Structures are given as C-alpha cells and as structure tokens.
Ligand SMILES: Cc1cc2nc3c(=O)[nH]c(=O)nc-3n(C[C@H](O)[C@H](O)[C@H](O)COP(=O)(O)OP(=O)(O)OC[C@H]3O[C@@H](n4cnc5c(N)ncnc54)[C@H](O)[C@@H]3O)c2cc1C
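First, one chain by itself: the form predicted on its own, in structure tokens.
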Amino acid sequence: MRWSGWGDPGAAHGLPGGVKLLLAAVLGRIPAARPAPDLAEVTVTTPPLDDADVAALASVVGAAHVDVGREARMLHAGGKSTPDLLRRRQAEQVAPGVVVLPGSEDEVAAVLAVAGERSLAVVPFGGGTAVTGGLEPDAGAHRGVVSLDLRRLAGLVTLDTTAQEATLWAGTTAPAAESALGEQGFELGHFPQSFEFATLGGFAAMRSSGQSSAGYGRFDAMVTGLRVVTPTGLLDLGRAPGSAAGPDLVRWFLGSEGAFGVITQVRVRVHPTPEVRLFDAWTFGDFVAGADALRRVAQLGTGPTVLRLSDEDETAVSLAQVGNLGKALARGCSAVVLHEGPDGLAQARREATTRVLREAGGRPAAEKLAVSWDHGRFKAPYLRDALLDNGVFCETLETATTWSNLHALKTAVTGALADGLAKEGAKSRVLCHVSHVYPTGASLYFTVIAGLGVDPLVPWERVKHRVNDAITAAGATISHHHGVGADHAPWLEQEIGEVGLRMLRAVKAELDPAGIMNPGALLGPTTPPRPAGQGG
C-alpha cells in the first residue's frame, strides 16, 4: 500500500472525463488540486524508539524483523480513511516508534511481554486498510508505539475438506487465502472492497462484511474458531460447530480491534469453488421500489450471492464513470445480482429471484452492467484518491437498520450530510447504496462528494459529528462493517449502554491489565466531544 494513498501506485488513475463533467455540474468551481507530497518532503515528528527498546524487541524476534526506518514507520502510520489520507498530505507526520514482525505465536507473546515491561503501546497491523482511526499510533499513557505487523504469520494451516473448514494464520491476505484454498477446489468467498490488501485477522478484528454477504454471510458468521495471544495468556477458542458451554467467547474477539489481544489464527468455514457465476442487472423507478424488492428477496431466501441497490445519484455517477453521461442524467436506480454454485442450483435460484424482482416492479438491464461492476469493484478507492488530488473531498460511511426504518434512516443521514456541508459553505452530492441485506434489515453505505476547500479536515469533523448523532438518534448502528476504531468510540456507549461498556472494559482489564493493546481503539470517551464552533 502507498503511504499516502490507496493500494498499488501502478493502479492509480486520473478522473474519467464523464466524472469531471458531472462534478462541474454538481459542485461548480473545484478548489485547486493538492497532490500528496513525496515521503522525502515531510517531517516525521515522532522519534523512533530508543536503542534499549529496539534491542529488547530484537532479542525476541531477531534484529532483521525490527524496523525503525522512516519509510517502514510511515507505512504503518494509520489507516486509509479520507481524514487519514488528508493528514498524510500535511508537512508534519506522526508515526509508530518501531515496526516489529513476529514469526510465531511465541514471538507475539514475547513482544507483548517486552511492551508491558517497557510501557510501550502495541497496535496490531494487518493490511492497513482500516478507515475508522483504529490504526492511529496512539501511545495513550505509554512511552511509545510498537506497530505489530503480522505479515510473517501467513499461510494455510489446515483444510478439512469433509467439514469444509480451514485454519489460516491471521496475517494471510485475502488473495493469498483464496489462492491457497483454490488450489484444493475451495474458496472463502469474502470480498470486501479492501480485498486486495486486507488480512484474515483484520477481517475478524473488524467484523468485516464482504460484497458476497447475501450468499455467504458476514466474516464473523464464517468464523468457527480463533487463537488469540493476549498480554495475560493464549486463548484457543471454538471447539465444536455448536456448543452450550457458556457464552461464546469467540464473539468477544470478533470486532475487538486489537484492544484485547492479537488474533493469530482464524478458523473459517469454506465452500467448493462455484461451478457457475450468473450475473444480472436490474433497474427500478426509484430507491423505495428497489429497496422493497431487495427486502422481498432477502425474506423469501431465493439465494443470491450478491444483492446490491444503488440510489439515483450513485447510479448516475456509476454511468458517468463508464462514459454514459446521457443515461447518467436520467433518473432511476440500478441493482446488481449474482447467483453462483452448482449449475442447476444456481439457475433455479436465479429464476426464483427473477420472479420476485419482476413482481416488485424491476426491469432487467444489460448483463454487462453487472459484469462491469464485478470487474471494477475494488477500484473505487483509487477514484477517491483521484478526487482528492483534484481538490474534491470524498468520504464514505455506513450504518444498518431494519427494513421498516430504512428509508427514514437514509433521509436522516442524507439530510445531516447535506445540511452540515451546506453550513460549511460546501456544495455536495450524497450517494447511497444498499450493500448488505438480511431478512430483518439492511446496511446503507453512503459516499459524500463535496467542495470543502483546501483544508477540509476540521469542517468534515463537524459534519461527521452531526451524522453520527443522526445515526444514533435514528436507532441505527454506528457501524455495520467499518468498525469503531477511535473515530466512533465516543458513540459506542449510546449503542451498547453503560453496562455494555463496563463489560468491555472489564474484559480489557483482565486480558490487558497494563492497557498496552491499541489504546486509541474501541474503548474511548463515554460522551462525544463537543464539535468545534459549538458553545454551551
């Protein structure tokens, strides 16, 4: 991953002509471009750890696996949210004091012991794709920060083809996992937008949800067991596919964001590589009709692997990206549907879903639209970088609620974004899609594009505060799959209650008594900070 942007530098691209025209129509005058600086041009204000700290860490993992170099530290300086990347464009940068790469669970435990003895915070690091502030090098009350990079803990450990269950090291990237499983005729089928770079441990720690969740479920539903190294000992969890031996401790670590310990192995259910993949595209007159159609499919259980709906504005931008500006200016919503599996079963499921969507008012569209989405589904973050380079602010956020509350939630969040940005003097466009569906509800994924000027961080923080308040007031979740991190921590108590927060803190106190594990993530202030500019 680039230190100041998303992904592979060779895959970065400029803005498509159709998008430029659409931006001009929506936002008017765009601020001057502000490309990210080269790493050599910035000052890293956080010093590396001292020689004694480095020697103590090297004694347990080897000197070759301890790095205090400028580039390594900056590559571990945070996640990939828009605020993260805007901070990467500043002249001064903060970074962890050292990057450590353990090669075994014993070495992970030894690093945690050294960190506890020397008062060093530890931030577990997988693919670096987090977008809610959970990778910030926050030392808390400690002397410095160790970025614990898990890339050496990678690979397939076991595959039980009878049980269709695999165990993999937590530092395994998603493409590497799919490759290893594919060699034996299986796949995991977890494809979030971060797929190309994220790790299985990161998926578990953040409760990730992939684009095929309609068929295969969220990542936490795939997990059958975990191994976790904590500062007070090792946990090996998940003995059987069903158990009544007390509360399910696996669930304590799914979504724990490295605040309790380090996930080292993940055991997951897998399935045979699909025999066929059948794509369909649909259009609906408006978002209300489209969402109702998706609800019917989810509740009848007709079995699509992918089921997504873009609202009118997102549909327009998607069409503009492929040069179809004429259709982009028309109104309507687009949906993508995928069925996969054994040929006969996939065809039968497709027919069942088609009947439901037709009865709900859907109209079939060209299959190539769905195939095009599939081919480009991991490229959106590169478009975000191109927008930032061209002076356009672009950020995403997500939430979830019940079907009965879905439209009210969409209205509330869209309104909070548009009104908040207008108060900051910015023209904007808010896009939305239904990204994940359940029988009882769905996730809404928002993208906001705005002309926030040359210094958008402070105004965006005020807008995001308003949006988080709107989400909690609407009875929705503060995060469906991006996690809590540091950014959402002030709102956690409003969702799980004071007792729930005390439970999490009690677990942390037991497993991490010195508080060295990722101090800035998950558990934060019990009330949201007052945004800048508000009195009282």
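The shown structure was predicted, so the numbers you read here are calculated from the model rather than taken from an experiment. When you see a residue number, it is the position in the sequence shown, counting from 1.
The protein also exists as the form predicted in complex with the named molecule; that form is not presented, and the subsequent description refers to it.
Legend entry - Touches the named molecule in the predicted complex: Val145 (any heavy atom, 4.5 Å): Taking the distances in the predicted complex, the answer for Val145 is no, it never comes within 4.5 Å of the named molecule.
Inset, instruction - Answer with yes or no whether Ala198 is in contact with the named molecule in the predicted complex, where contact means some heavy atom within 4.5 Å. - result: Within the cut-off, so yes.
Inset, instruction - Indicate whether Lys80 is a 4.5 Å heavy atom neighbour of the named molecule in the predicted complex. - result: It does: once the named molecule is placed as it appears in the predicted complex, Lys80 has a heavy atom within 4.5 Å of it.
Inset, instruction - Using the partner position in the predicted complex, report whether Gly128 sits within 4.5 Å of the named molecule, counting heavy atoms only. - result: Yes - in the predicted complex, heavy atoms of Gly128 and the named molecule come within 4.5 Å of each other.
Legend entry - Residue (of Ala442, Leu150, Cys333, Leu338) lying close to the named molecule in the predicted complex, criterion heavy atoms within 4.5 Å: Contact check passes for Leu150.
Inset, instruction - Sort through Thr353, Ser213, Ser310, Ser194 and report the residue having a heavy atom within 4.5 Å of the named molecule in the predicted complex. - result: So the residue touching the named molecule in the predicted complex, by this definition, is Ser194.
Legend entry - Region of this chain that lies against the named molecule in the predicted complex, out of 284 to 292, 253 to 261, 457 to 465, 137 to 145 [heavy atom, 4.5 Å]: In the other structure, the partner sits against 253 to 261.
Inset, instruction - Heavy atoms within 4.5 Å of the named molecule in the predicted complex is the criterion; list the residues of 374 to 388 that meet it. - result: Heavy-atom contacts within 4.5 Å come from Pro381, Arg384.
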